[in-house]
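Have a look below at one chain only, the form predicted on its own, in structure tokens format.
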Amino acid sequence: MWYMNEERELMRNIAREFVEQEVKPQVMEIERTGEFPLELFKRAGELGFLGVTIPEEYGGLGGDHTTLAIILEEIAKSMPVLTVAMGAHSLLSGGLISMLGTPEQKQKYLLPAASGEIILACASTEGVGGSNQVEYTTRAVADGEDWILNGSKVLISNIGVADAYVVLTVTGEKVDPATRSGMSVFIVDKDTPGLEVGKHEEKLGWHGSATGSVSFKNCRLPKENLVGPLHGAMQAMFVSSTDEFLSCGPVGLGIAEGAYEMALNYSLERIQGGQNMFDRFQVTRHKLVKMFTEIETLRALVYSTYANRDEGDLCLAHGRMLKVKGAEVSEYVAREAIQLFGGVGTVVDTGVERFWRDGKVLAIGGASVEALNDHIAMMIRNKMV
């Protein structure tokens, strides 16, 4: 592949070995129990996967975004939910601390986060909608040298297992999307009095993402827990969320590849009328060709976009395109894979239907594809692409 080099090949091989030896044996158990894959998450930290783009001085590899995409793609071929946990930890939470944090905050949180010693969660979304910040009600109010935080967040990943929550909260008189002002970021440690963690939601897909609600009742936070400028967090949140949207490209690619590989192998092994399905049925061959074509189309978009990201382009529109296209292709390929399996494709123990469920959630979790399409449309209108 044109985007590969020696260092990226090395990291891909490490990721493939990790998946083959450690991830695959646990996939179906995590699917069944819905338990957060803590052991695998910690192992990903030991291998450097949680700190690929974090500077070396704060415990990361100081690598590029393309290398991260390659790792996410490999893991998502077998366990997409692990990449979800990694994204919430490294890209959303870690991204905000990396952009806005003081050296002391980075030393305290970013350095151990890069190795997996601690786990981070990004508490942003509220019941009014993930991108509807003007109606957010979670608010922090100054009280002497401290801040008092009240409110609640919903559908937050890594809850319960997180050692610290990076919380987006209202601090200004109002939130102004035009000037991107009125919101601030605070770090709330897990043992902060008043922090309450809800139950893990049972979802269609992403089993094991530890997703649910968190609430803050008169949480007293020292001024040192304010991350970045007061009232000035929205711009950084826009960037960190874009990096998370970008990651949905390689994750969607991995989901599609995992489902496609299962479908191809099944079509070559399943015998009907003395022939395997691939040789006997033209419709089987044509479905697989279409699936393969969609995968390679997505691959081209993913790695050309990541090449631009590594050149310093924030990829605001294309990042959102990767989320949309990643969800679309993963859903399509997984759906066709189930169809090729026939009745056994609907059986959970077969292991193929879970790819469709994870692809479906990818189209909604973190921002719906409809909302992102509208973002892209506004960027097109304003000539930002």
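Numbering starts at 1 and runs along the sequence shown. In this text, all values refer to a predicted model and were calculated from it rather than measured experimentally.
Omitted from view is the form predicted together with a small molecule, to which the following refers.
Discussion item. Please identify, from 278-286, 117-125, 172-180, 137-145, the stretch that has a heavy atom within 4.5 Å of the small molecule in the predicted bound form.
Written reply: One stretch meets the cut-off, namely 117-125.
Worksheet entry | One residue of L110, I187, I75, I156 in contact with the small molecule, assessed in the predicted bound form (non-hydrogen atom, 4.5 angstroms) | Contact check passes for I156.
Fill in: Option touching the small molecule, based on a heavy atom within 4.5 Å in the predicted bound form, out of V23, I376, A367, M11
Of V23, I376, A367, M11, the residue with a heavy atom within 4.5 Å of the small molecule in the predicted bound form is A367.
Practice prompt. Give a yes/no on whether G130 approaches the small molecule to within 4.5 Å in the predicted bound form, heavy atoms considered.
Written response: G130: contacts the small molecule in the predicted bound form.
Discussion item. Can you tell me if A15 lies within 4.5 angstroms of the small molecule in the predicted bound form, counting non-hydrogen atoms only?
Written reply: Flag for A15 set to no.
Worksheet item: Would V19 count as a contact of the small molecule in the predicted bound form, using a 4.5 angstroms cut-off between non-hydrogen atoms?
Response: Taking the distances in the predicted bound form, the answer for V19 is no, it never comes within 4.5 Å of the small molecule.
Item to complete: State yes or no: in the predicted bound form, is some non-hydrogen atom of K203 no more than 4.5 angstroms from a non-hydrogen atom of the small molecule?
Response: Yes, K203 sits close enough to the small molecule in the predicted bound form that at least one of its heavy atoms falls within 4.5 Å.
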